[in-house]
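Take a look at this single chain in structure tokens; it is the form predicted on its own.
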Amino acid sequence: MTSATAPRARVPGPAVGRESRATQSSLREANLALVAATVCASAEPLSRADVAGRTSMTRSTVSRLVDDLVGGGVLDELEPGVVTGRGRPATPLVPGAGIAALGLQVDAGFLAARVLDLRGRVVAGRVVDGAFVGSDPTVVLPLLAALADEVLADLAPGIRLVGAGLALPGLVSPSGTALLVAPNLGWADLEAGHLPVVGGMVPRVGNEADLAARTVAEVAPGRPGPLADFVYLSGEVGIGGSLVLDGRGMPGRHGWAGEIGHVPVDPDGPACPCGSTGCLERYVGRAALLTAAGLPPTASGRDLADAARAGEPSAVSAVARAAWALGVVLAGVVNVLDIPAVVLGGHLAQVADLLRPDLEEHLRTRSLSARWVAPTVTSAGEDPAAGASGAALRELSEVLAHPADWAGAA
């Protein structure tokens, strides 16, 4: 065989072409994510021209990307509005109503299952009261799965479930596949194999307070809330905590940051189920507060608030003691982390207006920076299953981060 007919060695050109195609694909994925994020972040519907202006892309590029996102259900087109001038009416774009995620929650006093869509709406959900302190997960988790099945049966036809999350009050493995310990539930070492299968999926586990805090930082998928930096306290039988900076959680190296409920108020204080003594939740957990107020264990935070407003001495004293204990611990958080905004959730939200004056005064006294930036205390609202909503929001965030996986998929 002569050199004229011998096979030629492959030259670098095709490799460069593959790299170019890969770069183009990555650019498209990034642009899809940018367009989806721009629409979802807006409180009002946007037109293609609006998106082009906000992203600095050409209208033709935005139009192609929007078509792909609408085809995949990540975005929806609404009926065009009325136009009084020249030209065709713009077609408003909103997050897709056909993509949703399931959020589950087990807490000391209830089970919850709810489905949120990309617009942030609860399209189906239920909360069932119960007593789960010291419970058996092999009994409770099948109940949760049955509740989830009931909720999923309520979904309208055509809604696609893209993920499932489970909020639990304890330490979760960094992978989100296992619960390490939940002292108040009495659960430990709960691996993925023990978790229920719901909607054909094993839910991703997360800390309840971290997920509940997400509902404050993010009022709908991809849409920021009014606070970007805050310390969140989740009040139930125990006290969970989460730290949020610039709208994102600060989970720590292993995802275990924010366990404010187990910061000691007084090392010589009462014993805690975690094994320590004098923990914050021994002073401001629901049972501790109700006992101090002379109320039965079946009472609610609202009952405590009513009693304190009525001037019941034990209730007034219980609220004042709780404000002191919170002030001791939270001032340390403010001094160390420079996050002076505090958001109270769970039963603490029900007494937030009563706690606020004394708690803010304690924080001003104990926080070194209070002279320049005064600490503030606000309520997260009284959603009993904020952790379930946060679990669904976390799953939906994956769609917005990687919309190319959905774009063009009917």
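Position 1 is the first residue in the sequence shown; the rest follow in order. Being a predicted model, the structure only gives us computed values, none of them experimental.
There is also a form predicted in complex with a further copy of the same chain; it is not shown, and the following applies to it.
Novice: Answer with yes or no whether H194 is in contact with a further copy of the same chain in the predicted complex, where contact means some heavy atom within 4.5 Å.
Specialist: Close contact is absent here: in the predicted complex, H194 is far from a further copy of the same chain, nothing within 4.5 Å, heavy atoms only.
Novice: Does the 4.5 Å heavy atom contact test between W256 and a further copy of the same chain in the predicted complex come out positive?
Specialist: It does: once a further copy of the same chain is placed as it appears in the predicted complex, W256 has a heavy atom within 4.5 Å of it.
Novice: If we define contact as a non-hydrogen atom of the residue within 4.5 angstroms of the partner, is G252 a contact of a further copy of the same chain in the predicted complex?
Specialist: Result yes; G252 sits at the interface with a further copy of the same chain in the predicted complex.
Novice: Evaluate V373 for contact with a further copy of the same chain in the predicted complex, applying a 4.5 angstroms cut-off between non-hydrogen atoms, and reply yes or no.
Specialist: Residue-level check for V373: yes, a contact with a further copy of the same chain.
Novice: L245, V219, A271, V202: which sits within 4.5 Å of a further copy of the same chain in the predicted complex by any heavy atom?
Specialist: Contact residue from the list: L245.
Novice: Could you tell me which one of R223, R321, H262, R160 places a heavy atom within 4.5 Å of a further copy of the same chain in the predicted complex?
Specialist: Result of the distance check: H262.
Novice: Within 4.5 Å of a further copy of the same chain in the predicted complex, counting heavy atoms only, one of 211 to 219, 71 to 79, 95 to 103, 180 to 188 shows up; tell me which.
Specialist: Selected range: 180 to 188.
Novice: Please state whether all three residues V127, L141 and V151 have a non-hydrogen atom within 4.5 angstroms of a further copy of the same chain in the predicted complex.
Specialist: No, none of the three is in contact.
Novice: Though the partner is not shown here, which residues of 335 to 356 have a heavy atom within 4.5 Å of a further copy of the same chain in the predicted complex?
Specialist: Contacts from 335 to 356: N335, V336, L337, D338, P340.
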